[in-house]
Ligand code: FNR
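Below, in structure tokens: the form predicted alone, a single chain.
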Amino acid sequence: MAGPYSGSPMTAAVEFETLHEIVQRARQNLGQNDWDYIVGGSETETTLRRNRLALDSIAFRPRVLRDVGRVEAGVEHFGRRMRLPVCLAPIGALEMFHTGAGASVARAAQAFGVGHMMSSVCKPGLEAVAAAAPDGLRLFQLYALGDEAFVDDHLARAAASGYAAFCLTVDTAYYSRRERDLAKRHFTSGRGRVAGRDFLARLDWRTVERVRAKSTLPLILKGIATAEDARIALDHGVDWIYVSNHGGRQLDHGRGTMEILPEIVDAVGVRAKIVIDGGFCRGSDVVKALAAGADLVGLGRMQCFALAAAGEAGILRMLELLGDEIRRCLGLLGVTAFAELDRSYLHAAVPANAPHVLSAFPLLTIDDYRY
């Protein structure tokens, strides 16, 4: 496990000139078990690879001779101005990568000006993370590991602690077989046997109804992967559809999220907003998602890499580099803001690299992403 990073954001800026250098440092800091936890998926890891395949199967159609002297990469959501259309996705084991865990991530998100979605199983806990970043855009994600009273308690606490939205994860009815861990007998005694997991298997639309009726917080459902479920979510008053396959860590042989996105966009229309995650690593990935109709992009593994590389300073530097990639990509496409993008800027293409969890970084020298 990585220890606390004592360097400043300025030091991180000097040390890391590219995103792949952050990933490289994370690998150097992490033991094999923690590294495999980040890069692994379920069973054959097909869904994990398809996330990158779906992104890498999209090419750009740039326009030229347009005034792009000033490019604005910010967006407005949840009543806040965000510097990038990015949210740090909910991750439950951040303490594996840095002792500050969720508090460090929340502070970095606040300092930079993007959203942070706090996982209900992330340390140091709901209230402590809120206290660490009182002025940040904080969203709360719940695994419903209990009965109605359990859900209601977390809903009330999230509202009292100033979280801007409430997210319910809906794709974890069963804990998947993550063979990188199983093959080493690592995590098998804890993960997957969390108290209350039986409640996840019995979760249904009635819980969504109850949450919607009990709270005025914007409601997000995370784990939507079909137009059919997106439409049902709309009928239940859901405000945000979160297109996700848990980073390829739940159902194996699923589709990549960018392959799923068009049908969700067509089904949702203007009735709800859309956030997507699943393999997003580069600024060009974020631009592709918004051109295809998403409103926000969740960063999971990149958040872990940055935290493991340099703690809070690593998160800040990762966001700085991502923002630079995004602004350059927008300018080279011939647009000055995300509002000018649409699907006409995208085209189907054959991937140039074989898809895997690190294929966004072909200059990396890491060759042990396989078990």
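Each residue number is its position in the shown sequence, starting from 1. These figures come from a predicted structure and were not determined experimentally.
Omitted here: the form predicted in complex with the named molecule. The next part is about that form.
Asker: Could you tell me if residue 285 has a non-hydrogen atom within 4.5 Å of the named molecule in the predicted complex?
Answerer: No, residue 285 sits far enough from the named molecule in the predicted complex that none of its heavy atoms falls within 4.5 Å.
Asker: With the cut-off set at 4.5 Å between non-hydrogen atoms, does residue 330 touch the named molecule in the predicted complex?
Answerer: Residue 330: no contact with the named molecule in the predicted complex.
Asker: Within a 4.5 Å heavy atom cut-off, is residue 246 in contact with the named molecule in the predicted complex?
Answerer: Because a heavy atom of residue 246 falls inside 4.5 Å of the named molecule in the predicted complex, the answer is yes.
Asker: Indicate whether residue 166 is a 4.5 Å heavy atom neighbour of the named molecule in the predicted complex.
Answerer: The answer is no: residue 166 has no heavy atom within 4.5 Å of the named molecule.
Asker: Identify, from the list 91, 86, 158, 129, the residue with a heavy atom within 4.5 Å of the named molecule in the predicted complex.
Answerer: Spelling it out, the residue with a heavy atom inside the cut-off is 91.
Asker: Considering the named molecule in the predicted complex, which of 180, 107, 222, 255 comes within 4.5 Å of it through any heavy atom?
Answerer: Comparing distances to the named molecule in the predicted complex, the residue within 4.5 Å is 222.
Asker: Can you check 336 to 344, 23 to 31, 36 to 44, 63 to 71 and let me know which stretch has heavy atoms within 4.5 Å of the named molecule in the predicted complex?
Answerer: Careful reading of the contacts points to 36 to 44.
Asker: Which residues from 108 to 128 come close to the named molecule in the predicted complex, meaning a heavy atom within 4.5 Å?
Answerer: In sequence order, 119, 121 come within 4.5 Å of the partner.
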